[in-house]
Ligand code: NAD
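In C-alpha coordinates, the next block holds one chain alone, the form predicted on its own.
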Amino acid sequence: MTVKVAINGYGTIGKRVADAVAAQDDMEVIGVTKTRPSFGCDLAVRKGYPLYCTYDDPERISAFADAGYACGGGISDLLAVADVVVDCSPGKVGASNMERYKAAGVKWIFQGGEKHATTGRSYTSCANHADNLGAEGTRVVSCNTTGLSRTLVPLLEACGSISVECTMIRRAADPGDSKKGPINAITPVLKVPSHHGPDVMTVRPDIDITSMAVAVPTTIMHMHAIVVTLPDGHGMTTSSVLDLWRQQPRVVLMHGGDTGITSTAEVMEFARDIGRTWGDLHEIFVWEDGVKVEGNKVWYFQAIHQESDVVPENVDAIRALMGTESDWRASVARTDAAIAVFNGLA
(Lines give C-alpha, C1' and ligand atoms only; values in the text may rest on other atoms or scores of the structure.)
Protein backbone atom coordinates (compact mmCIF):
# COMPACT_ATOMS: atom_id res chain seq x y z
CA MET A 1 0.00 0.00 0.00
CA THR A 2 1.34 3.40 -1.01
CA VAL A 3 -0.13 6.14 1.17
CA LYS A 4 -1.06 9.31 -0.72
CA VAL A 5 0.09 12.27 1.37
CA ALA A 6 -0.94 15.91 0.96
CA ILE A 7 1.15 18.65 2.60
CA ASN A 8 -0.91 21.73 3.45
CA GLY A 9 1.66 24.47 3.93
CA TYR A 10 5.06 24.36 2.27
CA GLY A 11 7.19 26.41 4.65
CA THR A 12 9.88 25.62 7.21
CA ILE A 13 8.33 22.34 8.39
CA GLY A 14 6.23 21.53 5.32
CA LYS A 15 9.14 21.43 2.89
CA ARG A 16 11.07 19.14 5.22
CA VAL A 17 8.12 16.82 5.81
CA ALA A 18 7.52 16.62 2.06
CA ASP A 19 11.10 15.48 1.45
CA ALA A 20 10.94 12.94 4.30
CA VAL A 21 7.68 11.51 2.95
CA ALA A 22 9.04 11.39 -0.59
CA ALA A 23 12.00 9.34 0.67
CA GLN A 24 9.73 6.57 2.02
CA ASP A 25 8.94 3.52 -0.11
CA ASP A 26 5.39 3.26 1.25
CA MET A 27 4.33 6.90 0.75
CA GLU A 28 3.91 9.42 -2.04
CA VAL A 29 3.65 13.21 -1.94
CA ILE A 30 0.65 13.94 -4.15
CA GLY A 31 0.72 17.69 -3.65
CA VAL A 32 1.82 20.66 -1.57
CA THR A 33 0.01 23.95 -1.05
CA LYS A 34 1.08 27.59 -1.10
CA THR A 35 -1.10 30.59 -0.33
CA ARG A 36 0.26 32.53 -3.29
CA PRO A 37 3.00 32.38 -5.95
CA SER A 38 6.38 32.73 -4.22
CA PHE A 39 9.88 31.27 -4.12
CA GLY A 40 8.52 28.20 -2.33
CA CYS A 41 6.67 27.37 -5.52
CA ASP A 42 9.97 27.21 -7.41
CA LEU A 43 11.32 24.80 -4.80
CA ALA A 44 8.25 22.56 -5.08
CA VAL A 45 8.53 22.52 -8.87
CA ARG A 46 12.22 21.62 -8.71
CA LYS A 47 11.42 18.79 -6.31
CA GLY A 48 8.64 17.52 -8.58
CA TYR A 49 5.82 18.05 -6.09
CA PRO A 50 2.43 18.90 -7.62
CA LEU A 51 1.45 22.43 -6.61
CA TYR A 52 -1.97 23.45 -5.27
CA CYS A 53 -3.45 26.61 -3.81
CA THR A 54 -4.23 26.73 -0.08
CA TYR A 55 -7.64 28.19 -0.98
CA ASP A 56 -10.43 27.21 -3.35
CA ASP A 57 -10.95 30.78 -4.54
CA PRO A 58 -10.69 30.85 -8.38
CA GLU A 59 -8.86 34.18 -8.40
CA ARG A 60 -6.20 32.93 -6.02
CA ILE A 61 -5.80 29.75 -8.04
CA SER A 62 -5.48 31.63 -11.33
CA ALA A 63 -2.75 33.81 -9.81
CA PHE A 64 -0.44 30.79 -9.93
CA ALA A 65 -0.96 30.33 -13.67
CA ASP A 66 -0.50 34.07 -14.17
CA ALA A 67 2.88 33.76 -12.45
CA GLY A 68 3.88 30.83 -14.66
CA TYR A 69 3.19 27.92 -12.30
CA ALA A 70 1.13 24.86 -13.12
CA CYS A 71 -1.45 24.62 -10.33
CA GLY A 72 -3.57 21.52 -9.78
CA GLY A 73 -6.40 23.53 -8.21
CA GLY A 74 -7.45 24.43 -4.71
CA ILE A 75 -7.14 22.60 -1.41
CA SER A 76 -10.38 20.69 -2.04
CA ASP A 77 -8.95 19.26 -5.27
CA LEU A 78 -5.88 18.05 -3.38
CA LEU A 79 -7.86 16.52 -0.53
CA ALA A 80 -10.04 14.65 -3.02
CA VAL A 81 -7.07 12.46 -4.02
CA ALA A 82 -5.32 12.18 -0.62
CA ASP A 83 -5.36 9.50 2.07
CA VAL A 84 -3.89 11.79 4.73
CA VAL A 85 -3.01 15.47 4.98
CA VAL A 86 -0.10 16.80 7.02
CA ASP A 87 -1.08 20.32 8.07
CA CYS A 88 2.02 22.51 8.24
CA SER A 89 0.15 25.78 8.01
CA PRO A 90 0.73 28.56 10.59
CA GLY A 91 -0.50 27.81 14.10
CA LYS A 92 -3.98 28.55 15.36
CA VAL A 93 -5.79 27.86 12.08
CA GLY A 94 -6.22 24.17 12.84
CA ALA A 95 -9.84 24.23 13.95
CA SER A 96 -11.13 25.60 10.65
CA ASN A 97 -8.86 23.31 8.63
CA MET A 98 -9.93 20.24 10.58
CA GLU A 99 -13.56 20.65 9.57
CA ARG A 100 -12.47 20.74 5.95
CA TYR A 101 -10.41 17.57 6.36
CA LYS A 102 -13.24 15.74 8.08
CA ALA A 103 -15.66 16.74 5.33
CA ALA A 104 -13.23 15.41 2.71
CA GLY A 105 -12.92 12.08 4.55
CA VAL A 106 -9.11 12.21 4.88
CA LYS A 107 -6.98 11.56 7.93
CA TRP A 108 -5.13 14.57 9.30
CA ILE A 109 -1.97 15.48 11.21
CA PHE A 110 -1.38 18.88 12.81
CA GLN A 111 1.79 20.35 14.28
CA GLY A 112 2.63 21.53 17.79
CA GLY A 113 1.49 25.08 17.07
CA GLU A 114 -2.07 23.82 17.57
CA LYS A 115 -3.37 23.12 21.04
CA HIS A 116 -3.98 19.55 22.17
CA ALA A 117 -7.59 20.52 22.91
CA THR A 118 -8.12 21.27 19.22
CA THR A 119 -7.33 17.70 18.15
CA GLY A 120 -7.97 15.74 21.36
CA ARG A 121 -5.00 13.55 20.51
CA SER A 122 -1.23 14.10 20.29
CA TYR A 123 1.69 12.02 19.05
CA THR A 124 5.35 11.27 19.62
CA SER A 125 6.86 8.12 18.16
CA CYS A 126 8.52 6.83 21.35
CA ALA A 127 5.70 7.85 23.69
CA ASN A 128 2.34 6.77 22.27
CA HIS A 129 2.52 5.34 18.75
CA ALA A 130 0.15 2.51 19.69
CA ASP A 131 -2.45 4.93 21.06
CA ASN A 132 -2.68 6.59 17.64
CA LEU A 133 -3.11 3.43 15.54
CA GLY A 134 -6.02 3.84 13.15
CA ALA A 135 -7.07 7.20 14.60
CA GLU A 136 -8.87 9.77 12.47
CA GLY A 137 -6.19 12.34 13.15
CA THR A 138 -3.55 13.55 15.59
CA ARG A 139 -1.17 16.35 16.46
CA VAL A 140 2.59 15.89 16.35
CA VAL A 141 3.80 17.72 19.44
CA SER A 142 6.22 20.63 19.34
CA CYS A 143 9.95 20.40 18.80
CA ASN A 144 10.59 20.91 22.52
CA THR A 145 8.05 18.30 23.60
CA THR A 146 9.47 15.86 21.07
CA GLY A 147 12.95 16.39 22.47
CA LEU A 148 11.84 15.98 26.07
CA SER A 149 9.96 12.79 25.21
CA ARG A 150 12.95 11.14 23.57
CA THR A 151 15.07 11.28 26.72
CA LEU A 152 12.40 11.20 29.45
CA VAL A 153 10.27 8.29 28.20
CA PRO A 154 13.20 5.82 28.41
CA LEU A 155 13.90 6.97 31.99
CA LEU A 156 10.22 6.58 32.89
CA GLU A 157 10.04 3.09 31.44
CA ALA A 158 13.30 2.04 33.15
CA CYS A 159 12.38 3.41 36.58
CA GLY A 160 8.58 3.24 36.70
CA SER A 161 8.08 6.86 37.74
CA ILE A 162 9.94 10.15 37.41
CA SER A 163 9.49 13.77 38.41
CA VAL A 164 10.97 16.42 36.13
CA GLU A 165 11.89 20.08 36.34
CA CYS A 166 13.26 21.70 33.21
CA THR A 167 14.26 25.13 31.97
CA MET A 168 13.73 25.74 28.27
CA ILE A 169 16.29 28.14 26.78
CA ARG A 170 14.47 28.93 23.56
CA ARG A 171 15.75 30.32 20.31
CA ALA A 172 14.03 33.61 19.54
CA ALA A 173 13.06 32.80 15.93
CA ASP A 174 13.90 30.49 13.06
CA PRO A 175 16.98 31.51 11.01
CA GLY A 176 14.88 32.80 8.10
CA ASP A 177 12.49 34.85 10.23
CA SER A 178 13.67 38.46 10.51
CA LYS A 179 10.51 39.82 12.16
CA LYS A 180 10.60 38.08 15.55
CA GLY A 181 12.67 37.68 18.65
CA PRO A 182 14.75 39.67 21.12
CA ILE A 183 17.76 41.38 19.57
CA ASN A 184 19.76 42.23 22.70
CA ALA A 185 17.72 40.77 25.52
CA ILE A 186 16.74 37.64 27.40
CA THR A 187 12.96 37.42 27.58
CA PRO A 188 11.37 35.29 30.31
CA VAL A 189 8.12 33.48 29.58
CA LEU A 190 6.08 34.95 32.40
CA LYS A 191 3.40 32.30 32.29
CA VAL A 192 4.70 29.95 34.99
CA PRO A 193 4.92 27.05 34.57
CA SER A 194 5.40 27.25 30.81
CA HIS A 195 3.29 25.17 28.44
CA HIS A 196 6.10 22.72 27.66
CA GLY A 197 5.63 20.45 30.68
CA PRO A 198 1.87 20.06 30.23
CA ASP A 199 2.48 19.37 26.54
CA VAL A 200 4.68 16.38 27.44
CA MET A 201 1.80 15.06 29.50
CA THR A 202 -0.46 15.01 26.42
CA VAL A 203 1.61 12.08 25.15
CA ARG A 204 2.71 10.59 28.50
CA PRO A 205 0.44 11.74 31.34
CA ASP A 206 2.43 9.55 33.75
CA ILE A 207 5.44 11.90 33.52
CA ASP A 208 5.26 14.42 36.37
CA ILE A 209 6.85 17.50 34.81
CA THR A 210 7.00 21.26 35.29
CA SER A 211 8.87 23.77 33.15
CA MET A 212 9.99 27.38 32.81
CA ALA A 213 11.25 29.09 29.68
CA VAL A 214 13.29 32.04 28.46
CA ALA A 215 13.87 33.29 24.90
CA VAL A 216 17.42 34.27 23.97
CA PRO A 217 18.85 36.04 20.89
CA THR A 218 19.86 33.00 18.86
CA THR A 219 18.13 31.28 15.94
CA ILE A 220 19.74 27.90 15.52
CA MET A 221 18.62 25.65 18.40
CA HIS A 222 16.81 25.35 21.71
CA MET A 223 18.62 24.19 24.85
CA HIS A 224 17.08 22.28 27.78
CA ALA A 225 18.53 22.18 31.30
CA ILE A 226 16.80 19.23 32.99
CA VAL A 227 16.68 17.78 36.50
CA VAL A 228 14.94 14.41 36.89
CA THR A 229 14.05 12.94 40.27
CA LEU A 230 14.12 9.13 40.21
CA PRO A 231 12.25 6.89 42.66
CA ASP A 232 14.01 5.36 45.66
CA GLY A 233 15.89 2.20 44.77
CA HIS A 234 16.15 3.18 41.10
CA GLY A 235 19.59 1.60 40.62
CA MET A 236 20.61 4.05 37.90
CA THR A 237 24.13 5.45 37.52
CA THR A 238 25.53 8.04 35.16
CA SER A 239 26.87 5.23 32.97
CA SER A 240 23.61 3.30 32.91
CA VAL A 241 21.63 6.41 31.96
CA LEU A 242 24.03 7.08 29.10
CA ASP A 243 23.79 3.44 28.00
CA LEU A 244 19.99 3.70 28.11
CA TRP A 245 19.98 6.73 25.83
CA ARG A 246 22.51 5.15 23.46
CA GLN A 247 19.91 2.44 22.79
CA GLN A 248 17.28 5.01 21.80
CA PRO A 249 16.69 6.10 18.22
CA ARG A 250 16.99 9.80 17.41
CA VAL A 251 19.27 10.60 20.35
CA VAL A 252 22.92 11.52 19.75
CA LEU A 253 25.38 11.51 22.65
CA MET A 254 28.80 13.14 22.35
CA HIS A 255 31.50 14.14 24.81
CA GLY A 256 31.94 17.88 24.48
CA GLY A 257 35.42 17.91 25.97
CA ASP A 258 36.69 15.20 23.63
CA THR A 259 34.99 16.37 20.42
CA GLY A 260 35.16 20.12 20.88
CA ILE A 261 31.40 20.30 20.36
CA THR A 262 30.56 22.45 23.35
CA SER A 263 27.88 24.80 21.98
CA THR A 264 24.80 24.75 19.79
CA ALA A 265 26.79 26.43 17.01
CA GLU A 266 29.17 23.48 16.92
CA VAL A 267 26.28 20.99 17.07
CA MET A 268 24.80 22.50 13.92
CA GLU A 269 28.21 22.63 12.27
CA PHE A 270 28.41 18.88 12.96
CA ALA A 271 25.05 18.42 11.19
CA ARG A 272 26.35 20.31 8.17
CA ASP A 273 29.62 18.37 8.19
CA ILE A 274 27.83 15.01 7.93
CA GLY A 275 25.93 16.27 4.89
CA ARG A 276 22.39 16.64 6.19
CA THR A 277 19.99 18.43 3.87
CA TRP A 278 19.59 22.04 5.07
CA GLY A 279 22.12 21.14 7.79
CA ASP A 280 19.29 19.54 9.78
CA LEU A 281 19.72 17.45 12.90
CA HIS A 282 16.65 15.25 13.43
CA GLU A 283 18.19 13.75 16.55
CA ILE A 284 18.28 15.22 20.04
CA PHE A 285 21.84 16.11 21.03
CA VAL A 286 22.96 15.25 24.58
CA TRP A 287 26.38 16.12 26.00
CA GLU A 288 27.77 13.04 27.75
CA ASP A 289 29.95 15.12 30.05
CA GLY A 290 26.92 17.20 31.02
CA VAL A 291 25.07 14.19 32.45
CA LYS A 292 25.31 13.42 36.16
CA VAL A 293 23.47 10.99 38.44
CA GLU A 294 23.81 11.62 42.15
CA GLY A 295 21.45 10.14 44.70
CA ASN A 296 18.04 10.14 43.09
CA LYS A 297 18.74 13.09 40.75
CA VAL A 298 19.74 13.12 37.08
CA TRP A 299 21.08 16.38 35.66
CA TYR A 300 21.63 16.90 31.94
CA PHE A 301 21.59 19.30 28.99
CA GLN A 302 20.15 18.61 25.58
CA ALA A 303 19.91 20.62 22.35
CA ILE A 304 16.93 20.66 19.98
CA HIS A 305 17.02 21.62 16.31
CA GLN A 306 13.60 23.22 16.14
CA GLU A 307 13.33 23.10 12.35
CA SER A 308 13.76 19.36 11.98
CA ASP A 309 13.34 17.10 15.02
CA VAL A 310 9.57 16.73 14.43
CA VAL A 311 9.98 15.85 10.75
CA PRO A 312 10.50 12.07 11.13
CA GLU A 313 7.75 12.02 13.78
CA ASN A 314 5.28 13.14 11.10
CA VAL A 315 6.25 10.19 8.93
CA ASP A 316 5.74 7.76 11.82
CA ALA A 317 2.42 9.42 12.63
CA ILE A 318 1.24 8.73 9.08
CA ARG A 319 1.95 5.02 9.55
CA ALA A 320 0.14 5.06 12.89
CA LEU A 321 -3.00 6.69 11.50
CA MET A 322 -3.01 4.47 8.43
CA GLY A 323 -2.34 1.36 10.54
CA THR A 324 0.53 0.27 8.31
CA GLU A 325 3.06 -0.26 11.13
CA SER A 326 2.06 -1.06 14.71
CA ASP A 327 5.60 -1.23 16.15
CA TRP A 328 6.99 2.26 16.76
CA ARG A 329 10.59 1.11 16.66
CA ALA A 330 10.04 -0.60 13.31
CA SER A 331 8.50 2.56 11.90
CA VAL A 332 11.31 4.73 13.26
CA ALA A 333 13.94 2.42 11.78
CA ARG A 334 12.22 2.49 8.40
CA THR A 335 11.76 6.26 8.44
CA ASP A 336 15.30 7.04 9.51
CA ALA A 337 16.92 4.64 7.05
CA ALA A 338 14.98 6.26 4.21
CA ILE A 339 15.90 9.77 5.28
CA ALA A 340 19.54 8.79 5.54
CA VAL A 341 19.45 7.41 2.00
CA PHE A 342 17.65 10.55 0.86
CA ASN A 343 20.35 12.71 2.43
CA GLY A 344 23.16 10.68 0.91
CA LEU A 345 24.41 9.25 4.22
CA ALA A 346 23.79 5.52 3.68
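Being a predicted model, the structure only gives us computed values, none of them experimental. Residue numbers here begin at 1 and follow the sequence given.
If you look for the form predicted in complex with the ligand, you will not find it shown, but the lines that follow are about it.
S.K.: Suppose contact means a heavy atom within 4.5 Å; in the predicted bound form, does that hold for all of 9, 34 and 306 with the ligand?
M.R.: Yes.
S.K.: Is residue 256 a contact residue for the ligand in the predicted bound form, using a 4.5 Å heavy atom cut-off?
M.R.: Output for residue 256 is no: heavy atoms all beyond 4.5 Å of the ligand.
S.K.: Heavy atom to heavy atom, is residue 268 within 4.5 Å of the ligand in the predicted bound form?
M.R.: Taking the distances in the predicted bound form, the answer for residue 268 is no, it never comes within 4.5 Å of the ligand.
S.K.: Just to confirm, residue 277 within 4.5 Å of the ligand in the predicted bound form by heavy atoms?
M.R.: Outside the cut-off, so no.
S.K.: Using a 4.5 angstroms cut-off on non-hydrogen atoms, would residue 174 count as touching the ligand in the predicted bound form?
M.R.: Yes, residue 174 is a contact residue.
S.K.: Looking at 231, 120, 205, 90, which has any heavy atom no more than 4.5 Å from the ligand in the predicted bound form?
M.R.: Comparing distances to the ligand in the predicted bound form, the residue within 4.5 Å is 90.
S.K.: Considering the ligand in the predicted bound form, which of 166, 221, 143, 78 comes within 4.5 Å of it through any heavy atom?
M.R.: None of the other options qualify; the answer is 143.
S.K.: Any idea which of 306-314, 43-51, 24-32, 292-300 reaches within 4.5 Å of the ligand in the predicted bound form, heavy atoms considered?
M.R.: Stretch 306-314 is the one.
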